[in-house]
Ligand code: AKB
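Below, in structure tokens: the form predicted alone, a single chain.
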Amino acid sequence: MRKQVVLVTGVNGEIGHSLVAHLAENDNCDVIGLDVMPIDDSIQQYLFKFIQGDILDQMLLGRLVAEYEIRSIIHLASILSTKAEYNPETAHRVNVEGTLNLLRLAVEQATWQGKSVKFIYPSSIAAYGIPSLEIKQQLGPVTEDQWLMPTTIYGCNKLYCEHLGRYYSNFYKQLAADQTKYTIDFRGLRFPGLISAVTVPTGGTSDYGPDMLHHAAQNIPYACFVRPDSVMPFMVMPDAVKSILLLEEIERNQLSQLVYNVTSFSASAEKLKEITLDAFPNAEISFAVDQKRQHIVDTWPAEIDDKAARKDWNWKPDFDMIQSFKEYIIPGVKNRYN
């Protein structure tokens, strides 16, 4: 018999670092990690096997189909928003074609196993696109089906892949004579800005929040690239991991939709500066607005509505804003650099 595993792509990233430790400790299934970069030594111990490779490599993915029984795919690999804007065609290949390869892998696995394979897809607040700052300032919390007009290639990629997940779950080869009986069980999470005390930010447009703290802890001046009054929702990494684990575990018949918002708190850049200075009084934080990146943040909601996740699978963050910084972020960042 082939060994049953959970496949985690992009395992070296911010979410992957925290997620694999929880999977190893709380799951009864071995974890295979996949990443284009060599494995970080700190997470090697949590993996049954690490494969250094590219999600665009169809031969590599084909070997995974043949060698393992993949129960769930948690697809974290992507090129993030800021980096994606510098090379949108490459971002599209990785973010869309790579996801398509994994969806195809999941269908092949489902056919072999005679049951649906779970496909957990972390999406992003970048899927939204509010047309003006004036409209944004008048809105309340935004639901999953509102203002879906992204202005970044990353946001377009994420929104399209959400639709691909819906297609592969419900309509795959719907006109074919040999329509596949078992497809995938797609479950998407639309994250706000994520803050980790364990890993360094890696190029997201929302990274000005964690960047303040990481720079302050190292006594490095930081110039924030958005206005002080810029507001967007955030969540700390332990809550992001919690949401993935909860959504992966819940029975399909309890879910009323395929993509869910999750969030914790909203804060302005000025508020994040105040919190950082309280923890690091000697920090040098200024504002040097990058108008292009500012425009992107202005198209994202100040608040997102996660009532559906709270209702369907009892989602609730463990950390509000005060707890996030007092109990997790500030102690973790200090420990990292001390």
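Since this is a predicted model, take the numbers as computed values, not measurements. One-based numbering along the sequence shown.
Just so you know, the form predicted in complex with 2-amino-3-ketobutyric acid exists too; it's not on screen, but the next bit is about it.
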property: 2-amino-3-ketobutyric acid contact at I74 in the predicted bound form, heavy atom, 4.5 Å; result: no
property: 4.5 angstroms heavy atom contact with 2-amino-3-ketobutyric acid in the predicted bound form for L80; result: yes
property: Partner contact for G209 in the predicted bound form: 2-amino-3-ketobutyric acid, 4.5 angstroms, heavy atom; result: no
property: 2-amino-3-ketobutyric acid contact at G129 in the predicted bound form, heavy atom, 4.5 Å; result: no
property: Contact check for I125, G204 and W300 against 2-amino-3-ketobutyric acid in the predicted bound form, heavy atom at 4.5 Å; result: yes
property: Interface stretch in the predicted bound form with 2-amino-3-ketobutyric acid - options 98-106, 212-220, 263-271, 117-125, non-hydrogen atom within 4.5 Å; result: 117-125
property: Partner contacts in the predicted bound form for 130-155 (non-hydrogen atom within 4.5 angstroms of 2-amino-3-ketobutyric acid); result: Y154
